[in-house]
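Presented as structure tokens, the chain that follows is alone, the form predicted alone.
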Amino acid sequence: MPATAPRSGPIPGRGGVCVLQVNGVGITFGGLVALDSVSLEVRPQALFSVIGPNGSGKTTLFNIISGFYRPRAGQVLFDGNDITGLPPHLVARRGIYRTFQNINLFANMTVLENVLAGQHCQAETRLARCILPFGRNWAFEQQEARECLDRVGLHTRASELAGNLSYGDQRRLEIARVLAGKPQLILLDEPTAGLNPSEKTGASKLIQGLVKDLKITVVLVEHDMSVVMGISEEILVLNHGRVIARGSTEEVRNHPQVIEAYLGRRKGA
């Protein structure tokens, strides 16, 4: 059975339950159509992946969901509430956090301070107050930050400078910092990029644990198909800013348009 054909307009959640819903979003840059009527739905505590060739619009979609871009058309709903066009800090305060393709840490701050900074949006206070020991329940919040580090395996590195960590450990620190905000949904933008096979295996287990153990919904953009096919429950495929397939890993793997988009040929050609 082929993956579901692209649809336009609102999509009902399975069983009426849908934590994230993107309805027909579109955006252009200087006349170039980056996304064209893209829709998706994500169930609570799901591990959902968005894939596609370079330039297909994956990160642009993340930027719209997280408030960095305002779409020219369409709507983003989170827990049934319209968040279209909200600025990033308000999107985060609603419970959506993200990582980026390029590592974006405070290199000259300690590992622990980076995680404490991740409490900023939920604390509803200035960033400085999240990393300096005054005006808050400092001991409690430090403990919470250390628990985030323990989750990603960096609890013994808390006092080191973030910039001194290996590339793989910096990737894990980004996830710990996101966890400090107590998210309901995490957008992970290429979390295994640049990692060796062993690190990718560890990252895959970590991501699965976010869903299984912490009950967090995860939407993943990833180029490594072995990672995507190994951990995803459902996949949406973009090409040239349009949805060309959506479905289970097996449905997407065998979809002729997906094969053509990635290999430049149709299955059986």
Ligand code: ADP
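For clarity, every value in this text was computed on a predicted model and none was experimentally measured. From 1 onward, residues are counted along the sequence shown.
In what follows, reference is made to the form predicted together with the ligand, a form of this protein that is not presented.
Using a 4.5 Å heavy atom cut-off, which residue among G26, G55, P44, G202 comes into contact with the ligand in the predicted complex?
So the residue touching the ligand in the predicted complex, by this definition, is G55.
From the list S232, T217, S39, T60, which entry has a heavy atom within 4.5 Å of the ligand in the predicted complex?
Exactly one residue meets the criterion: T60.
Checking a candidate spot here: are Y97, A176 and Q208 all in contact with the ligand in the predicted complex (at least one heavy atom each within 4.5 Å)?
Verified in the predicted complex; spot residues all out of contact, no.
Counting only non-hydrogen atoms and a 4.5 angstroms cut-off, does I244 reach the ligand in the predicted complex?
Answer no; every heavy atom of I244 is more than 4.5 Å from the ligand in the predicted complex.
Does the ligand get within 4.5 angstroms of any non-hydrogen atom of V228 in the predicted complex?
No, V228 sits far enough from the ligand in the predicted complex that none of its heavy atoms falls within 4.5 Å.
Proximity of Q142 to the ligand in the predicted complex, heavy atoms at 4.5 Å
Q142: no contact with the ligand in the predicted complex.
Report whether the minimum heavy atom distance between F48 and the ligand in the predicted complex is within 4.5 Å.
No, no contact at 4.5 Å.
For 67 to 85: residues with a non-hydrogen atom within 4.5 angstroms of the ligand in the predicted complex?
Stretch hits: a single one, Y69.
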